[in-house]
Every structure is written in structure tokens, then in C-alpha cells.
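Only one chain is shown below, in C-alpha cells, and it's the form predicted alone.
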């Protein structure tokens, strides 16, 4: 009986090879890769669809979006799988190192306008899944402008000095918290990166952590960014956790007004696909942070 089963298996395996069909092991590997990419697509959504890599109303994910900082003009990267202008020629490890260490494949240090410090705290499983999803982005050839520095040797000299003075890297967990306030904190700080816009920065573009999430009159693109601490007078202290979750998922405020600017972009590019339990976990975390009085409008 066993001999007959073995012969049938060997015959089917040989036929599959002869027809060029994937073997059972290859099918399982492909299914695992699809599952990994699907998990990565969700992480990509919770990261706001990495909207900084899309020019408004332009081709998604091809970069070239300008972000002015005091000493330079920098442009976001082409995330698609194009081998010449995107990530198609990068290895998984090179994408990983760019995301959490700020290193290009040639060893150059990325300007920390790319929030690789915050991403350094992303769980290993989430980062691996995210890299897998990035591999699925349709290649689009798009040559992006090089950074334009107003200070000589800005990248090789000023960037390492900035990181030494202000940089904050993290030891990432193997797996992400699954629920509750800790899940919310993890998403806010290492995936959705709420502090990247909602925490004010000094002249050197270092975040002022004493005003964590307290908003700023001049955000990344010069716009006003609201205070999202639970301060009742100047923040969102009167909002319920459902109010916060609804804004993340639909862009609608409690007064039925809609968010605008960068927040509208990240909602439409990704947050709207967030699971409600994750939106509520973010809400619970935001309601747990210390309130900071900081009137923006």
C-alpha cells in the first residue's frame, strides 16, 4: 500500500516538473509569501499609505515629493519595484537598513527627514511583512531629484552630527503588541508616526518632546497641525475614543467637519483601511498621554 502511494506521489511530482507546474513545496512557499505581503499591505495602510512618497494627485508611491527643511530641500523616494529608479534592485536587507538605519545601499546616510529612527522600533514581523508588500508594487520608472543642500557637505557631515545630538533609535520587539494601550502606543510611535507631524520641532528639526503630540503652528509643509493630547481646552480632551477612531477611519471630526491637508492624505491613502480595533487602540493611547496646553488656533 505504501509502495503504491509513493509511486503515485513520485509520478505526480515528475509530471508537475515535466509540465513546468509548481511543486507542492513551491505552492506552499507562494501562499506564505502572499500571506506575508497581505500583512505588509495592512502595515502599509496603518502607516498612512506612506503618503509622503506620493505627490498629491500624482502617480502613487513614485516619490519626488519635496519636503523643505532649514538646510536643504529633500525629495521622497520611488518605492515601486522599478530596478533603475525604485527599489527593484535593492535586496530585502538593503530596504530593511534604509527603513530602520537610514542607510542607502552604497552606505550613504539618509537625511532624517525620512523617519527611520521611529521605524527602528517596528516589530521584526511587521517590518518583514512590509518589505514583502513593497516588492509587489508595480514598477514605475520615475527619476527623482537629488537633495539640494544649502550647506556644503550637509549629508556627510551635518546628518551624522544631528543623529549624534538628537537621534533616538529603538530596540524593536520580535512581535507587535496585539491590543490595548500598548498596541496603540506601538502604532502611534512606530507605524502611523503621529508624532512626526503633531510634535513641534526646533530650528534644527529636532522634536521638542516636552510638547509631545501637542501640535505646531508650522508643520512639515508649513501648515498648522492640531494638538492631539487630551488637554480639554486646546487638545482633544473632550473627544470620546469613538470620535478619535472615526476621524482616523473616515476623516470626519466630531463636529462633522472633515480633516484637510496631510491628515486627509494619510486617511485616504491608508488609515481608512485600518481595523476599527486598531483605531480604538490608538484612541486609547492618545487619551492616556499627558495633556499639554498648546493653543494652535
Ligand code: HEC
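Keep in mind the model is a prediction, meaning the values are calculated, not measured. Residue numbers count along the first chain shown, from 1.
FYI, the form predicted together with heme C (HEC) isn't displayed, but the following is about it.
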Next on the checklist: I need to confirm a contact call. Of 92, 108, 84, 224, which residue comes within 4.5 Å of heme C (HEC) in the model of the complex, counting heavy atoms only?
Outcome noted: 224
Next on the checklist: Within 4.5 Å, heavy atoms only, which of 30, 240, 59, 258 is in contact with heme C (HEC) in the model of the complex?
Outcome noted: 258
Checklist entry - Looking at heme C (HEC) in the model of the complex, do all three of 236, 266 and 297 come within 4.5 Å of it through at least one heavy atom? => result yes
Item to check | Stretch in contact, per heavy atom within 4.5 angstroms of heme C (HEC) in the model of the complex, of 71 to 79, 185 to 193, 123 to 131, 163 to 171 | outcome: 185 to 193
Checklist entry - With a 4.5 Å heavy atom cut-off, would you call residue 197 a contact of heme C (HEC) in the model of the complex? => result yes
Checklist entry - Closest heavy atom of residue 262 to heme C (HEC) in the model of the complex, within 4.5 Å or not? => result yes
Checklist entry - With the cut-off set at 4.5 Å between non-hydrogen atoms, does residue 282 touch heme C (HEC) in the model of the complex? => result yes
Next on the checklist: residue 43 versus heme C (HEC), in the model of the complex: is there a non-hydrogen atom within 4.5 Å?
Outcome noted: no
Next on the checklist: Given a 4.5 Å distance limit between heavy atoms, list every residue of 267 to 294 close to heme C (HEC) in the model of the complex, or none if there are none.
Outcome noted: 271, 282, 286
